[in-house]
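Shown here is one chain on its own, the form predicted alone, set out as structure tokens.
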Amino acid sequence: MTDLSRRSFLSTVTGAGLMAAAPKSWAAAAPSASGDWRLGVANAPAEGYAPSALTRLHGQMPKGLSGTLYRNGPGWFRYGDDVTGHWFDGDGMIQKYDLTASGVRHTGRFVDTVKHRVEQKRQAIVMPGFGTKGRADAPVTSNDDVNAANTSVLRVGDELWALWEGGSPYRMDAQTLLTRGPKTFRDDLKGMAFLAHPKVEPSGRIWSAGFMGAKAWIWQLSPNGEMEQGAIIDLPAAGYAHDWVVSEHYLILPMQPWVAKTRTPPFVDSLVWEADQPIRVLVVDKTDFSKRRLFELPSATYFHTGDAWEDSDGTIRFDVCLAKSPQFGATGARELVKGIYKGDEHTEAHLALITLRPNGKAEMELTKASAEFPQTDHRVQGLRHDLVAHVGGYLKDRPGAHMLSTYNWRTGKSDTHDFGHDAIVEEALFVPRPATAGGTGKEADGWFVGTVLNLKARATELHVFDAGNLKDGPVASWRSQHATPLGFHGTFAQP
């Protein structure tokens, strides 16, 4: 079954023919003027970013806040006029921010994937991907040959795993960011899909999934990243799934009606939006994968979930950011790497709370909060939470959010800081205040730490907020020497 799954993936992303060439207008339209959002999709230096200190803008590092923020995202998009076919297909680059009492230091390095090496050698876009057709002579023999390792990161012991969603985690040294190679859990599972959104229980146990059409492989790993068990399960539909949620007792897989129908490369072209079909939510018992329940919700699309929890009566709830259609993933993100942006209300996601009742009924509570990249206090992964942080506030003249917010499900209140028109706000992560600094252990007692691309300053900044008070702005801020490409997801490792 696993070999068939790998071949199925390869037959989807590979194929004859060249990717359509990008317009030659990119060079003329390349980021040069202050405030140009295309800084976020410009190539990073091929050699990466050497260690450098960020300049403090204001404030001081809060007492008790120390550790490392790791972020992953696409950092290489073009060779001259030869441009990758989708923002999601840029080569993965890890940004490392070390936070100490004396300040912040930054380092950046590309993940040394097969894809990156092949294309750097040829100085051309060669390999297929999510939205890139690839060349007829692309040397593809396994999923990991096309693995961009560009979506998220997971800290496991002394390693950092750079994650994609169609292949293996790429192992890296957590300090030097040198690549050690793909993680092989078992010989017959080489190259098996491993989501970029694994879930880590308070015990340290790691759960992940690999979606392959109408089937999924469930990964259960120990806290040190070794395989405990795995199994193939049937799905209610071949809906695209970038994220999922895990509660204390259940694995929860929302399958949106953006469904793989063909094997025509690139992968995104195989997906058909079935607006009249529901989101189908499969709930699987952690202790017995054969025990499953199916729920249905109104049609919508999503990229990211927050977290899930269970009420005492067995009701399951989880956060998710829902949009009306998958237009951004299907076309908008393809245009970004060409320097084109067309804002559309159907692409904007809003924060929602999904409720799955023991009687089989499902409910969708959609808020007015414009939201993406939801984050919660990971100490209560799978347990009750009230606060979810997210970015929001989308503009018509450029992509990206300009606000950082929290929403409280218990009170229905929001707390927001607006960075303004010239800022693109990236995901912010919650970091708990340690007991040595007076931490109480209560939810959201700590800080939100995140990065922002300042278009006017042409530099990436790091900001620290008191988690309970965003509206007063960051308590401390630093500015990098570089405008690093926009990333997707990260993790924070405390000492």
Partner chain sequence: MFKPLLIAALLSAAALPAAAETLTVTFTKAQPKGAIMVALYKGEDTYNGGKPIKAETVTVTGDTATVTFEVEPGQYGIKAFHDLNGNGKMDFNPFGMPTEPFAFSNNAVGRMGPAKWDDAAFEVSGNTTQNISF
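All values reported here derive from a predicted model rather than from experimental measurement. Residue numbers count along the first chain shown, from 1.
In what follows, reference is made to the form predicted together with the partner chain, a form of this protein that is not presented.
In the predicted complex, every residue of the candidate spot (D137, A193 and G210) has a heavy atom lying within 4.5 Å of the partner chain.
The partner is absent here; in the predicted complex, the one residue of W409, F303, F328, W217 having a heavy atom within 4.5 Å of the partner chain is W217. Interface residue among L395, V380, A124, I232 relative to the partner chain in the predicted complex, by the heavy atom within 4.5 Å criterion: I232.
Stretch-level contact check against the partner chain in the predicted complex with heavy atoms at 4.5 Å: of 273 to 281, 200 to 208, 141 to 149, 304 to 312, the positive one is 141 to 149.
With a 4.5 Å cutoff on heavy atoms, P374 does not count as touching the partner chain in the predicted complex; it lies far away. When the partner chain is considered in the predicted complex, G90 lies well away from it, no heavy atom lying within 4.5 Å. Although the partner is absent here, L189 is a contact residue: one of its heavy atoms lies within 4.5 angstroms of the partner chain in the predicted complex. Contact annotation for H249: none of its heavy atoms lies within 4.5 Å of the partner chain in the predicted complex.
Taking the partner chain as it sits in the predicted complex, the stretch 370 to 385 never comes within 4.5 angstroms of it through any non-hydrogen atom.
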